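One chain comes next, on its own, written out as structure tokens in the form predicted on its own.
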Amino acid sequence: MNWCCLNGELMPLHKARISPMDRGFLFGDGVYEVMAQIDGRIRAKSLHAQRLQLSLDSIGLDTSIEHVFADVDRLIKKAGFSNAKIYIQVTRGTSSVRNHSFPSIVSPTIFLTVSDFEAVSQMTSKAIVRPDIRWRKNYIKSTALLGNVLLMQEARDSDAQEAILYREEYVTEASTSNVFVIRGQKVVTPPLSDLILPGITRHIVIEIAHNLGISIVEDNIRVDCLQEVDGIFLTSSTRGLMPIVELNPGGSVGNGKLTSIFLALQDAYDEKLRCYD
């Protein structure tokens, strides 16, 4: 049976009911987090909590992170998974009328789900390259994901696994992940800004690279230079490190094979999966 937690109440998922007047449903007025639990331990739990707090603060929504994560622990215990994908969503709740401005009284809707999950190394993948059509505040992990959805569907319709995005001439991120490129012995990722989600796996990969003595920098990446790099990989909490070996448009990345730097980062990341708090 699939379990969820809705406003502090544990229940089978099929019994959960949320009002059609919820602002998350009407406006996408909410934020979310996705976490991975590996061997009974939530990976980078404190970093996810910090990012959820940043998203809540950025949209002016006040709720207790401590209570949210206490409910996460209760839900995981109830579901009984050792390895799990955990979804947290917090919206501004319901109001009696549909109005763009915030309601005078706010009672957030807090919805948590958990599902079975297996962390596996990603296979070599393809990506399309497309303009970034999303809004300008991508550092907020907003539930308003229509732009991301359309881009991911375009990728799937093109027999690809992701869409690498650019605004003007520079790469921002991918539809559900952060972007890294390998140039010789150097790894480059776009610097954080309002266009970039501060990815948890992004943070861990940068830390790992420093520990391994791999040169890694945060710098702008020109989209017209993607065909010239030696390697590209994408990062996210549930997919880990995803190597991209073919672009559309652009053709093969590097020589179409995984570089030694990527393999070193992948091995170190796999080792860290079960011990990163």
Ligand code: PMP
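Keep in mind the model is a prediction, meaning the values are calculated, not measured. When you see a residue number, it is the position in the sequence shown, counting from 1.
Not on display, but discussed next: the form predicted in complex with the named molecule.
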Tell me which stretch of 151-159, 176-184, 93-101, 72-80 has a heavy atom within 4.5 angstroms of the named molecule in the predicted complex. 176-184
Please determine whether G199 contacts the named molecule in the predicted complex, using a 4.5 Å cut-off between heavy atoms. yes
Partner proximity in the predicted complex: T235 to the named molecule, non-hydrogen atom cutoff 4.5 Å: yes
How about V34 - does it come within 4.5 Å of the named molecule in the predicted complex, if we only consider non-hydrogen atoms? yes
Taking heavy atoms and a 4.5 Å cut-off, does R43 contact the named molecule in the predicted complex? no
State yes only if every one of K126, R130 and R167 has a non-hydrogen atom within 4.5 Å of the named molecule in the predicted complex; otherwise state no. no
